[in-house]
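What follows is a single chain, given as structure tokens, in the form predicted alone.
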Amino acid sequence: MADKKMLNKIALITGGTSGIGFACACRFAAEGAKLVLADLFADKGAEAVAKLEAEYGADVLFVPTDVTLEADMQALGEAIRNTYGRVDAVIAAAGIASGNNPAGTTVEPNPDPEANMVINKPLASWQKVLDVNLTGVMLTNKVMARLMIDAGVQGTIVNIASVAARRPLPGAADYCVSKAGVEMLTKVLSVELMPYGIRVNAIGPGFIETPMTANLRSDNEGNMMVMAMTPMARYGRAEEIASTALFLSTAESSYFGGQILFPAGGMFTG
């Protein structure tokens, strides 16, 4: 139908098989987009593709991808080029909360809260979070922007950051720093890519109901902390982040560039 906001657009979503990424895939499919999902695990990819095809009749390509590897990202770009010839919209949603957990999986509570403090954190754990959350976003932006430029597409890129880019969370320095990096990366790339007609923006979600927050939501002390930090006194829904991503990927946000929007229940208002 002509009123679908993403009709015949090609949309890439990294981390697209679960959580915020999958919610974006569902929303974009409902709006007529052809989808490319990139994620680590082939079994989850097949499951996500089946759901999107069954519920939305979506045209979906899944490409197993480690966003931290430039070779994987280049291969993803070639797969998109060979299948669709271009990409119009990018959602860089692949991310992890901890270096001890694979992307998209539930974060297990650490019995020793002090272990996650900077003075005790293993370098490998710190580096893993930055590799996925920051370098992975950079590589996604780099490869897909080049694909847009080569195809003459004036597209959009939306990076998933976090309210933690602005609010320090004790015990999560690597996560906070990686997401603050995503915000600045977004601003720099916005300036660099505007001459090509490519708009780059970001989203800074608060605490969202996804697998990544499952244990936090089931823990009374964790819930109390979240409610104390969130004026709306509830978790966000992944669909609410998907709606923000859709806005930033359409002409409705045509004058936005280098911005970060915070659907975070009032956690950050500055």
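Start at 1 with the first residue shown and count on from there. What you see is a predicted model, and the numbers here were worked out from it, not measured in a lab.
Form predicted in complex with a small molecule: not shown, discussed below.
Trainee: Within 4.5 angstroms, counting heavy atoms, which one of the listed stretches 191-199, 78-86, 115-123, 156-164 is next to the small molecule in the predicted complex?
Mentor: Single hit among the candidates: 156-164.
Trainee: Ok, 52, 242, 37, 67: which has a heavy atom sitting within 4.5 Å of the small molecule in the predicted complex?
Mentor: Selected option: 67.
Trainee: Heavy atoms within 4.5 Å of the small molecule in the predicted complex: does residue 25 have any?
Mentor: Contact with the small molecule, no.
Trainee: Indicate whether residue 211 is a 4.5 Å heavy atom neighbour of the small molecule in the predicted complex.
Mentor: Because a heavy atom of residue 211 falls inside 4.5 Å of the small molecule in the predicted complex, the answer is yes.
Trainee: Evaluate residue 17 for contact with the small molecule in the predicted complex, applying a 4.5 angstroms cut-off between non-hydrogen atoms, and reply yes or no.
Mentor: Flag for residue 17 set to yes.
Trainee: So in the predicted complex, does any heavy atom of residue 148 sit within 4.5 Å of the small molecule?
Mentor: Taking the distances in the predicted complex, the answer for residue 148 is no, it never comes within 4.5 Å of the small molecule.
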